[in-house]
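Here we start with a single chain on its own, the form predicted alone, put down as structure tokens.
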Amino acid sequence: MRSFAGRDILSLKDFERNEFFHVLDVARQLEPIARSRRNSDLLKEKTMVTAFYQPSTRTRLAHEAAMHRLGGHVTGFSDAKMTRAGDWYQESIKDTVKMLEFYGDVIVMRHFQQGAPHEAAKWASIPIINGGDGWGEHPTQILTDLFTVWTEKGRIDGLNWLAVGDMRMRTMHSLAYALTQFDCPITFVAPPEMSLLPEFKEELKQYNLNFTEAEHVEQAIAKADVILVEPVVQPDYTKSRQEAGEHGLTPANYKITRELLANKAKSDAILLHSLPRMDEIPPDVDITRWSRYWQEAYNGVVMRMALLALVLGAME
């Protein structure tokens, strides 16, 4: 297995099957630190730089919390408009990361342009972690989801997945790439205008992913062991920022209600959502036995601890 030390985390297409399990195992080893709400000194001599060109709550703060839990330091920006990269100068990714690499030991980047972290990795001499790039990928979120499923179910292989939402989203792309390494049939449910793109479907077929598509969650939820939901009402991820405006409600086809879960879902199925949500999962679902999105948020810190420890060489 390749070493993770000094490695970029850009796409889950780059991961081999045994590497997924290695990352999950390292997360399991580090989880007691987060659970006990204490900080270690594993990365006490390291600094993480955040370069967030798009708003973020969980991804940025989970990385920062992870770095603090490991005793490291954090610097960076959460709004590109406060930097020369986002003001009149529109400083290039190359010029920006060539500076940032002197300020820390790893860079976590979120960007509205697909491929921006890959571009940064061309120029940076330190690891780049993709915190979400436009409609591209979101590898750390799906690694978090896999860790949640692995800890809850004790396995990944053999589980049936149901993915509901906008299939153009970066989380959906990373999920599909990840599941190509496991024996996990998956059904995608999305509005027609948000369904899997033809070229992406062809790519998944080449990877031998066992997938089907359905028009309504009711058609597929009964056999699902894992239900992963994303909004179908959402902003344009190719823009740096989009303020809230007039928007519709989630159609019933793509909504996970308490009644639907009670009447159709397996009693031991788990429901994931990377958040934020609109109305696709009503609040009364939060206290049901299916919901795991708060545990998922906690696991987001644990997974980022594992990735930081690995790429910075503190864990092998």
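All of these numbers come straight from a predicted model, not from anything done at the bench. All residue numbers refer to positions in the sequence shown, first residue = 1.
Another form exists, predicted together with a small molecule; not displayed. Remarks below refer to it.
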Contact segment among 86 to 94, 181 to 189, 137 to 145, 194 to 202, judged by heavy atoms lying within 4.5 Å of the small molecule in the predicted complex: 137 to 145
Heavy atom within 4.5 Å of the small molecule in the predicted complex: which of 288, 36, 57, 263 fits that? Just give me the one. 57
Contact with the small molecule in the predicted complex, heavy atom within 4.5 Å, among 32, 251, 276, 283 goes to 276
Does at least one non-hydrogen atom of residue 173 fall within 4.5 angstroms of the small molecule in the predicted complex? no
Any of the heavy atoms of residue 111 lying within 4.5 Å of the small molecule in the predicted complex? no
